[in-house]
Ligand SMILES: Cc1cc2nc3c(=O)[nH]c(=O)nc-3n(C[C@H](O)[C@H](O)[C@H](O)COP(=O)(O)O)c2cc1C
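So this first bit is one chain, no partners, the form predicted alone, shown in structure tokens.
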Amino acid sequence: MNNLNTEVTFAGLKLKNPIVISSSGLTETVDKVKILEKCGAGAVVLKSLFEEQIMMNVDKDMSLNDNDYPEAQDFLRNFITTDHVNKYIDLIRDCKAQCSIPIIASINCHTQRNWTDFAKKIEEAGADALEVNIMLVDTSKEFTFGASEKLYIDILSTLKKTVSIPVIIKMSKQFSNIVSLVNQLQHNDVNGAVLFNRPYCPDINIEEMDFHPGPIFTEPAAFNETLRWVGIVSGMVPKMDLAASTGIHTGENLIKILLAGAHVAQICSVIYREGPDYIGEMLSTLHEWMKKQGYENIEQFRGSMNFANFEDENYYERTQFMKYFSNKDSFPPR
């Protein structure tokens, strides 16, 4: 075990191991980040700075101000926005000053408005990289096909002109061709992609006749969809640095996602449920498996079971579904 090397590289960053803590309340303070580092995390993605949150705070405070002078309105609007962003900048600086693992900043957005100006401040604060979580639900009847993909590319292109730190795109899986979009991102110099973000969904309380948030945490059942797409994308776009996210709950999941071609795994829900010490348990599972298989480092096996490394590509495609169910009874026996 002493000869094992679990170091990985993702988006140009060197990590001591492939476990990254996702953007969440787990990473909202420097004290929490220090605990995650102590428990073995390879890197953290700080809790996101939301585009809507910034603009809503501005609008809310502006609505409470009765000042009719346009110059004063402009000054106040700029001050409120800057004050809110500065709290995030302070978090980056504190984490960089007190932690040694890579600190990845995060912006959650859905448009290409002037939030991109904040990226430079994030870089100046010392963030090692910037993850951009593009959360977009298209509902317009007049929607133009390809507009969402264009938004991804436009946001990436603007950021690459603004900052020199690595830019990572956290993707939705609601695209007709995920491989094509990842390929386009690569040709536009993205440093890494995360498969996938998890949109928050509503639920309905039938007693109160009101909306409530749907389940916040992922379930283990979500893992196989992530595994499938990581295996396909890593095989089809082999030079893309990939992070796997959604449904990774065990050390065995971590091993599988690395075999499918991910460089790192982002985890969140399982840490909420099990606590930060569970990071060590996942790493122990990885260590023991590598030792048993005779691997000295992760690159010796990463991607060895992706889409490109099997002659029968049906393991990742629809035909395998048909092969399985053709051998099953139409209905379970009574």
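Residue numbers run from 1 along the displayed sequence. Computed from a prediction, not measured in an experiment: that's the story for all the values here.
We do not show the form predicted in complex with the ligand, though everything after this point is about it.
Listed stretches are 201-209, 238-246, 173-181, 147-155; the contact stretch with the ligand in the predicted complex is 238-246, by a heavy atom cutoff of 4.5 Å. For a residue to qualify, one of its non-hydrogen atoms must sit within 4.5 Å of the ligand in the predicted complex; none of 251, 285 and 291 qualifies. Taking the partner from elsewhere, residue 25 is found to have a heavy atom lying within 4.5 Å of the ligand in the predicted complex. By the criterion of a heavy atom within 4.5 Å, residue 218 is counted among the residues contacting the ligand in the predicted complex. The ligand is not shown here, but in the predicted complex it comes within 4.5 Å of a heavy atom of residue 108. Proximity of residue 47 to the ligand in the predicted complex falls within the 4.5 Å heavy atom cutoff. When you look in the predicted complex, the only residue of 279, 267, 43, 33 with a non-hydrogen atom within 4.5 Å of the ligand is 267.
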